[in-house]
Structures are given as C-alpha cells and as structure tokens.
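Next up is one chain by itself, shown in structure tokens, the form predicted on its own.
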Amino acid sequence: MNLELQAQVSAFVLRTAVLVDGDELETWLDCFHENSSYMVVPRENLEAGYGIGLMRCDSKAQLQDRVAVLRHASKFNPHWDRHILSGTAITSAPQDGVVSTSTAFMVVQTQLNGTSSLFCSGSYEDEIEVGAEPRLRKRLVVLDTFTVSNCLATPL
C-alpha cells in the first residue's frame, strides 16, 4: 500500500465534506475536474441497474449551475449539515493517474430550531485524479435508503 497516496486521497475526501458542511460550495466546485460527474442514487436503484438518481450532474458546469440556483433562486429549508466519514479505502490501483475509492458517510442535519437528526447514510464511490491537486473525476453518492427524510437540495 502506498501510504502517501492513501493519506492524500483521505485528506482530499475529508476536505470535500468539510467544504459542504461549511457551505463553501463554490470552493467545493474546485474539487471537481472539468470533465466530471456527480450523482446521488439510492442503493436500490443502483443494484437494479437503473440510471435514475435523486441528483445528477454530468459535468462540472451542471454542478456550477446547481450551486448558482441554490444561492440565487431556490428557497429551501435552511439547515446545517455535518458529515461523519469512515476511512477512505482505495479500491483500485492508480490507472492513468486516477484511483477509485470508497468512503462510508453519515450526514446529520440540524434545522434552525436546533433539532438534529440523521439525514442520510451511504458511501462515496469516487474516481479521483491524483497529483499535486487532486480532483474528482466522478462522485457517485450511494444512499443506503430509497429516500431522504427531507428535501435534497444541497450536495452531499
């Protein structure tokens, strides 16, 4: 095992979660390669081979549009997210500078009234371009349940 690579991808995945938790979505976008994809899919759909996701962006430009809508047009329940991550497992050896990883997560959501609850759990199935500045080529967010208990507006 390449410990330097393991540390790099683990720190990178953690950073992506910290940016979402801190509502630094514009900086979070910098974690994506120009030719990247982002999809949130229930495990049930993934295992059945359905390409239907709760959120699907096939390019970084679509992700940028989604963040712009969140900032300027969309009205949704204000809340704070808190990610709890497992360690990140490298699931494939680097190939053309890209590694596949898997990281389990839980997101606790706190409403403005102070109520906190488990929002969702699942795993990030990532393809990360490694190098001086790692970038996500693909983030597949696999949810353990078919639905989330509230509106899924912000990225996970």
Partner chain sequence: MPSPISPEIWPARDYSRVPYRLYHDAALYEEEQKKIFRGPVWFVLGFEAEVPNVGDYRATQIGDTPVVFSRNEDGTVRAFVNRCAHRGAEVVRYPSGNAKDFTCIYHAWCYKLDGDLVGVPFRRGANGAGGMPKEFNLKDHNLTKIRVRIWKGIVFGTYAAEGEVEDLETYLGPLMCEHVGDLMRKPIKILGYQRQRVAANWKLYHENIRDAYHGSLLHEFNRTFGMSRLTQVAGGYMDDKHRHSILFQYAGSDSDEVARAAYAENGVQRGDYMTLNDYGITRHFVENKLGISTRIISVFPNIFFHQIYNTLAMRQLRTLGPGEFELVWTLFGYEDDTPELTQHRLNQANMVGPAGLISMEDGEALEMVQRSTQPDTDKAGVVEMGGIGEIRSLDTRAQEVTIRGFWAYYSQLMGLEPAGAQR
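Positions refer to the first chain, counted from 1. Because the structure is predicted, anything quoted here is derived from the model rather than measured.
In what follows, reference is made to the form predicted together with its partner chain, a form of this protein that is not presented.
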Seminar exercise, completed: Within 4.5 Å of its partner chain in the predicted complex, heavy atom basis, the matching stretch of 60-68, 121-129, 99-107, 85-93 is 60-68
For this session: Verify the contact flag for C151: yes if a non-hydrogen atom of it lies within 4.5 Å of a non-hydrogen atom of its partner chain in the predicted complex, no if not.
Result: yes
Exercise. Can H33 be called a contact residue for its partner chain in the predicted complex at 4.5 Å between heavy atoms?
Worked result: no
Exercise. Are any of the heavy atoms in T27 no more than 4.5 Å from a heavy atom of its partner chain in the predicted complex?
Worked result: no
Exercise. Using a 4.5 Å cut-off on heavy atoms, what residues in 34-54 are near its partner chain in the predicted complex?
Worked result: P42, E44, N45, Y50, G51, I52, G53, L54
